[in-house]
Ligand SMILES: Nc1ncnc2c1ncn2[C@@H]1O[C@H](COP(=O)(O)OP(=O)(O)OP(=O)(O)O)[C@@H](O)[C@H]1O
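Just one chain is shown here, as structure tokens, and it is the form predicted on its own.
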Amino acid sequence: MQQFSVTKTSLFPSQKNRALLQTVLEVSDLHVSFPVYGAEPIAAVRGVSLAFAQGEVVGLVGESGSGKTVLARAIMGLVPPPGRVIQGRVLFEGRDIGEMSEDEMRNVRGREISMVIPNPRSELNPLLRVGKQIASVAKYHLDIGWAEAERMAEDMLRKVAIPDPKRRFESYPHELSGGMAQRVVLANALICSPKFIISDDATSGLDVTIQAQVLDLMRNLVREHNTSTLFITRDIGITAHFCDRVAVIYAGAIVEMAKRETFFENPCHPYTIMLLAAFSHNPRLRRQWFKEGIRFKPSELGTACPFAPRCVRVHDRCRHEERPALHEIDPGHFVRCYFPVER
């Protein structure tokens, strides 16, 4: 069985094509931790590096508690207290977000970087009509008058396929269905044509029919505006239809990353295969890759491979040596594993 050494990885799918890609946002060796009274801090994000080309959609897949939302908040400069970035940086068009003032970040959020969250009703002000809320975003960030902002808001409601946008412009959030509320939040996020958008499990609370409609709508709008996107989800199947690249995160670290076709045709990390097996209708396949293991907090893992307690392919090296780094096993295909699955 071939073993891979630890080497420094590139952030883009291919070194050959790297020069051809315009970087919009780059996350470099990012570490985020949360202090705990009387105990070691909890490392929620551990050494994540990602880069996004213009117009590229990168899917980030992982189970609850893997660090997806903390990473998204760190990119927005909104790590919830008492958490903090202890190492690494986030560069947006060459500017370090961590060094921006709060006033500078207010101009970036909403105007150049936007976020769509899974609970639209917590995002919308229940006391304001939805059209006014969307128009307020445009007026603040684009420095335009109310008449122009309201015209843009109504047009955006039309683009996100809200029926009868003139009437819905005057609606309050409680008068909207879940699917409509999610479309309004999407309109809010896209009205200023941001260069980077984060979708944090944005369709998880919708039924499958509405979910498919919102996903198609989001994909079309992202392509129309050539917006780079971080698409966070717990449903690995969605990434097959929506994303250009897919990254899998476990215990705060990326364990596999590849172009979409490569990712689904040749998954190599045991955790990735376990996630895919969970969607299989074959019980033998699920049993083959599932192993009961002790789950640790990232702070309790030490320096060994964090997936070792649950891995069906675990070796002594995995338990006792430093955790492996991302290694490029094929062009644009990175795996954090000493013993990746070979075919």
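All residue numbers refer to positions in the sequence shown, first residue = 1. Since this is a predicted model, take the numbers as computed values, not measurements.
Omitted from view is the form predicted in complex with this ligand, to which the following refers.
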property: Partner-proximal stretch of 66 to 74, 23 to 31, 50 to 58, 274 to 282 relative to this ligand in the predicted complex, 4.5 angstroms, heavy atom; result: 66 to 74
property: Non-hydrogen atom within 4.5 Å of this ligand in the predicted complex for each of P163, L190 and R223; result: no
property: Partner proximity in the predicted complex: P80 to this ligand, non-hydrogen atom cutoff 4.5 Å; result: yes
property: This ligand contact in the predicted complex: R234, any heavy atom under 4.5 Å; result: yes
property: Contacts with this ligand in the predicted complex - residues in 37 to 51 whose heavy atoms fall within 4.5 Å; result: I42, A44
